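Here we start with a single chain on its own, the form predicted alone, put down as structure tokens.
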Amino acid sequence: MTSNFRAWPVVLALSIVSAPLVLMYVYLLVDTVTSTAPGSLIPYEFTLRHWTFLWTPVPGRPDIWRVALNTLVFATASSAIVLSLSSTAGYVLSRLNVPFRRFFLAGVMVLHAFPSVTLIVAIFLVLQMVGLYNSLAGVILVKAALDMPLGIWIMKGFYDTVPWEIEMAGIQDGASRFTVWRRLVLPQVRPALLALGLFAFLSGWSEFILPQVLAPDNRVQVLSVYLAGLIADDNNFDMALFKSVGVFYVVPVILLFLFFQKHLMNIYGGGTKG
């Protein structure tokens, strides 16, 4: 009780600082389902015409549900690649005597230090050469490759916290190294798998530069590019439509964070001791 009483000034201060942000998001949501007179902040009627893009495609734009599906495929596939390769590569770097391991880890960090924008021209040329430019598969592979260095380092850190005794017991019982990794080690780093998977998915869901440059075609357009196209259209700009699509874009992320925020915070922790 005493500790809770001492914490209330901090809670009050954070509430005061956060209140304007919360009010802005609430007003944004209200503004998408109401109409407001020019120069006024008070709505005068309830309406759903700002959300007609859900059942009637915006002229000159692809169907929003196809765009949302592209975004879901892009985020899910890239996060699956990052998760599967990072979980195996992190284990190898943590447990096995790999030649030049330190140099490899240093190289991974150097790759992660490069912003994707500095590599965009080279990536553009490579995708054109292999025939994957303007395709969802190409931009998925690029996104996964750019996110993988961080994923490898995170997974290696979690594997380093798992006691060796767990693996030694499995090996002494006759299990193969792969079986030991799959059945004994992976359960110990489950928080890392969940956190990294969510982190990679959210990163893919919010990605803009790579899809904009490497997959600009309407058939493979994602929500971030769709939203940018709305605000860049000077001839038919509709602020109410832009705000409604923005809410449509951000709601899945908010729900995902609310349901899995505990696992997302575990990305800064360690493996389960056992």
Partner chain sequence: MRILLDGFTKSFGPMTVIDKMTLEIRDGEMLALLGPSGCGKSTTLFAICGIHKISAGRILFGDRDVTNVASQQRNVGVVFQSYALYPHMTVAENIAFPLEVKKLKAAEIKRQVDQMAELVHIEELMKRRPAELSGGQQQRVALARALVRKPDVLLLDEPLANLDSKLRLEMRSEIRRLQLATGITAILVTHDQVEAMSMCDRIAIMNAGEIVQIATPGEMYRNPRTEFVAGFLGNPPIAFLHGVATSGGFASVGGEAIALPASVPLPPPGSKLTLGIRPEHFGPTGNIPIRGRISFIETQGRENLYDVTLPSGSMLRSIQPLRGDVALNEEIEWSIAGDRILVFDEHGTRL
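Residue numbers count along the first chain shown, from 1. Keep in mind that this is a model prediction, so the values were computed, not measured.
Keep in mind that the form predicted together with the partner chain is missing from the display, and what follows is about it.
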Just one of 72-80, 150-158, 131-139, 168-176 has heavy atoms within 4.5 Å of the partner chain in the predicted bound form; which?
168-176
Under a 4.5 Å heavy atom criterion, is residue 164 part of the interface with the partner chain in the predicted bound form?
yes
Is residue 184 close enough to the partner chain in the predicted bound form to count, meaning some heavy atom within 4.5 Å?
yes
